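Quick setup: the structure tokens below cover two forms of a single protein chain, split into structure 1 and structure 2.
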Structure 1
């Protein structure tokens, strides 16, 4: 049931936003909207279905922990 509601909500959002962008020939905005909407749909359906989702904090820690360690070594 919740999947059906989500599909209806996403179709409604797309139906409201897309015609305006097509009428004004906003092709880049339409492409960005499509990519972001697709990402939102994937994450939303994954959350509802209980699939494991990546944690953004883990990625940030992986990127910045070597930098933090290097700064600690320099300052100590």
Structure 2
């Protein structure tokens, strides 16, 4: 059900955006839109279906938590 709604929403967005770009021959815009839209669609479906998403927060935590701990040690 939700997947059907999503597909309709995506088709709506694509139908809304692409005609203008095609008319104005903005190929760069079209390519960027296509790639980003594809990425967004993959992410949305992964989220809805409960598949694991690449989560930047865990990476950021890994890089920055030593610094955070260091600050904590200095200031306590």
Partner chain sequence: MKKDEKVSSTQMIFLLVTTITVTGFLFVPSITAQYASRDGWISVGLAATLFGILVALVYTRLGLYFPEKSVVEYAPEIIGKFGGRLIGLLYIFFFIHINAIIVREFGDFLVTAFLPETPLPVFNTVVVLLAAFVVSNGMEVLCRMNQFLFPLFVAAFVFIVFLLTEDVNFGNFLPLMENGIKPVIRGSLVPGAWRGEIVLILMFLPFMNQPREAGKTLVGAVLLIGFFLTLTTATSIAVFGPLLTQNMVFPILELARYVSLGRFLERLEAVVIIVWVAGVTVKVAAFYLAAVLGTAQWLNIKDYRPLVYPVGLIILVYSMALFENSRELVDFLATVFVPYAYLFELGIPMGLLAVALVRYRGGRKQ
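Here the rigid core means the biggest group of C-alpha atoms that line up within 1.5 Å when the two forms are laid on top of each other. Positions refer to the first chain, counted from 1. Residues that one form lacks are left out of the comparison. Keep in mind it's a predicted model, so treat the numbers as computed, not measured.
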| property | result |
| --- | --- |
| Between structure 1 and structure 2, the form predicted on its own | 1 |
| Core superposition result - C-alpha of residue 70, shift between the two structures, Å | 12.9 |
| Segments displaced between the two structures (3 or more residues, each Cα shift of 2 Å or more, core-superposed) | 57-76 |
